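Quick setup: one chain, the form predicted alone, written in structure tokens, and binding and motion questions come after.
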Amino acid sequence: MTFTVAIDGPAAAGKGTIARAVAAHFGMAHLDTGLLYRAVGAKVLAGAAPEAAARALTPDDLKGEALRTQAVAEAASKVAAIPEVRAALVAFQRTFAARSDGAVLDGRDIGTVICPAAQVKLYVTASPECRAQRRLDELAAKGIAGTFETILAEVRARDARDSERATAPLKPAADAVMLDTSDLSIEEAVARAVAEVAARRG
């Protein structure tokens, strides 16, 4: 019997951090599905066609700090709106979710499209201002300059692109537990997520 945890939400809400912590706590495998789209975006920036890049994706393509750049993030959001790209990556994600030792997947359409039968569905969110500040702090820690206004505009633009696309738009599953991290510490957010999973695992 597989046990799947689906964690969705917008950029910089904390879903990746929570997903990794939940997976580690319960000894389950973790897949950051955003990396799939980042890897495709990176290939597109290098000149590949989006659908061909998605079909040729391998686990090795998901490694490397190059996937964490802002340019790749923007490219990822754009290719994620292409139905053929999403279709090509569905099988990869569902196969991962069916692991016998359990799996935690985080993304934007896990609970709604990829794993609608997941035993646990969380929707992690935070205010655009909070998420922009987090992104600004991340950049500052890496020595990269940025302004709050510019990053806030990027966050809002990406939210609109992700939630308004025709295929698998970003939205909470009807049965998802909402987790707003705006005023929570990382430890508090993780604790709430772990409690939700523990309650359903029995």
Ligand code: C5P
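Residues carry their position along the shown sequence, with the first being 1. Quick caveat: nothing in here was measured; it's all calculated off a predicted structure.
The next section is about a form of this same protein that is not shown, the form predicted together with cytidine-5'-monophosphate.
A heavy atom within 4.5 Å of cytidine-5'-monophosphate in the predicted complex is found for one listed residue only; from Ala118, Ala76, Val124, Ala103, this is Ala76. Proximity to cytidine-5'-monophosphate in the predicted complex, defined as a heavy atom within 4.5 Å, singles out one entry of Lys43, Arg165, Arg134, His30, which is Arg165. Shown alone here, Gly34 lies within 4.5 Å of cytidine-5'-monophosphate in the predicted complex, counting heavy atoms only. For the chain shown alone, Ala97 is not a contact residue for cytidine-5'-monophosphate in the predicted complex, no non-hydrogen atom being within 4.5 angstroms. The stretch that touches cytidine-5'-monophosphate in the predicted complex, counting heavy atoms within 4.5 Å, is 157-165, out of 22-30, 138-146, 157-165, 55-63.
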